[in-house]
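Single chain ahead, by itself, as structure tokens, in the form predicted on its own.
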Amino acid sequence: MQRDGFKTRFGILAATLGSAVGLGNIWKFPYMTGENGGASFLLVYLLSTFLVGLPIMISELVLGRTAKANAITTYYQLPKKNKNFWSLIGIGGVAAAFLILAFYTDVAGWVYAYVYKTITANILSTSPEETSKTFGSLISTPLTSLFWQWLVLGVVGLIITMGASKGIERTTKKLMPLLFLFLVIIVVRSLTLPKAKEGLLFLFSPDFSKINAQVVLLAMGLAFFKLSIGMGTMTTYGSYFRDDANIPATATKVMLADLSVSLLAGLAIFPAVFTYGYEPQAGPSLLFITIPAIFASLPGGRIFMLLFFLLASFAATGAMLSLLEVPVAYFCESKKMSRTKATLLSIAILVVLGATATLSFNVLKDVKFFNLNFFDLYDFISSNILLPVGGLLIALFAGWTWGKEKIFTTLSNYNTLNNQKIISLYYFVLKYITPILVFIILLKGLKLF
């Protein structure tokens, strides 16, 4: 069976960027930055991205492109020995993709719901009580929450059935430019708010006294979540890369663009946080209770708010495409299913699994494991265990097992690219620095450090 793949260089960049840029940038990055000291957290995150995120992303992409296979098959096919052990990387990636989608589709459902709410009702308000009440009403209603989650699954599933080039590539090539455009428009508006300067100082003026072990570990963990590493997505997408793609250059562009979106999201949100008296430490609801305030006093505010939640839905959709592609590619190639059947099976699993996360805020709110509801449990298992373990094994396999010669040969596209110095730097960091840092992240995730 002829394997599908990304057809153009821009399509490769857009699809990979669509995987990395998601609600982690627009939803998770701002509230974690707010909870952990603003600019000081940002600096540590930037360093973590270079030392942890980028090396593993490059490794996943080149391993996937070399194997031209799904995540599980890639780590079974490439090793010369211990194939069953290394294939655990792919198995963990598929498991992580399902668990992340279980709660991620819930959050994406909130975003889709706010697009609808913005069109049909006036939810603009500068009152923290009012915006918090609107958000609370959404997540506390079981059927409404499930409807939006199922709608998200339907949209993403439909795109996935079209394949890598006609579905994922074509969609992300349109969504990514729109995302940047809409976000810039929102930032321009946000910077005109009365206390925008305080928001800028919070985001860009570091207080080094706030940098501690907790901040460092959280920043490194966020680098995993935001860049879609350790969950099989980059390995799967790498398998769709053209043979002439410059992987180190593409990964670096993705990392820088991902950081740019995060900064733009911070510029969009924190001026409103300080202008309207919200707490930067508001947590996961920060996005949904501050955005209505940003546009409340602006002529045409509902239009601007609609643009913002549309771009958030674009970001969420791009990220979910890469996550859902991980199990779909496995079912298609290893279980010989049609793409439609593999997609339907994956969605059926997520309807059941995701419902437990969605109902964690209402019907199942009192059901907890280790003091965690289903939503937080899935987040904990994937973010604190599966992703660090996967990232650690990828670093060890690429840096110590697969071999220096194969790394240099494949990343230089068989010596057709003049990037030996870049590969040498990448290889040194991957082999000697990244595994140590990822192991520390794992210990922290397990609460052993």
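Every value quoted in this text rests on a predicted model; they were computed, and no experiment measured them. Position 1 is the first residue in the sequence shown; the rest follow in order.
In what follows, reference is made to the form predicted in complex with a small molecule, a form of this protein that is not presented.
A.B. asks: With the partner left out here, if you bring back the small molecule in the model of the complex, are 23, 100 and 104 all within 4.5 Å of it by some heavy atom?
C.D. replies: Yes, the whole trio is in contact, each within 4.5 Å by some heavy atom.
A.B. asks: Can you tell me if residue 434 lies within 4.5 angstroms of the small molecule in the model of the complex, counting non-hydrogen atoms only?
C.D. replies: Taking the distances in the model of the complex, the answer for residue 434 is no, it never comes within 4.5 Å of the small molecule.
A.B. asks: Do residue 239 and the small molecule share at least one heavy atom pair within 4.5 Å in the model of the complex?
C.D. replies: No - in the model of the complex, heavy atoms of residue 239 and the small molecule never come within 4.5 Å of each other.
A.B. asks: Would residue 62 show up as a contact with the small molecule in the model of the complex if we use heavy atoms at 4.5 Å?
C.D. replies: Judged by the heavy-atom cut-off of 4.5 Å, residue 62 is well away from the small molecule in the model of the complex.
A.B. asks: Is there a non-hydrogen atom of residue 235 within 4.5 angstroms of a non-hydrogen atom of the small molecule in the model of the complex?
C.D. replies: Heavy-atom contact with the small molecule at 4.5 Å: absent for residue 235.
A.B. asks: Sort through 312, 229, 269, 329 and report the residue having a heavy atom within 4.5 Å of the small molecule in the model of the complex.
C.D. replies: Of the candidates 312, 229, 269, 329, 229 is the one lying within 4.5 Å of the small molecule in the model of the complex.
A.B. asks: Using a 4.5 Å heavy atom cut-off, which residue among 398, 411, 387, 44 comes into contact with the small molecule in the model of the complex?
C.D. replies: It is 387 that has a heavy atom within 4.5 Å of the partner.
A.B. asks: The small molecule isn't shown here, but in the model of the complex, which of 320 to 328, 301 to 309, 170 to 178, 157 to 165 has heavy atoms within 4.5 Å of it?
C.D. replies: Correct option: 320 to 328.
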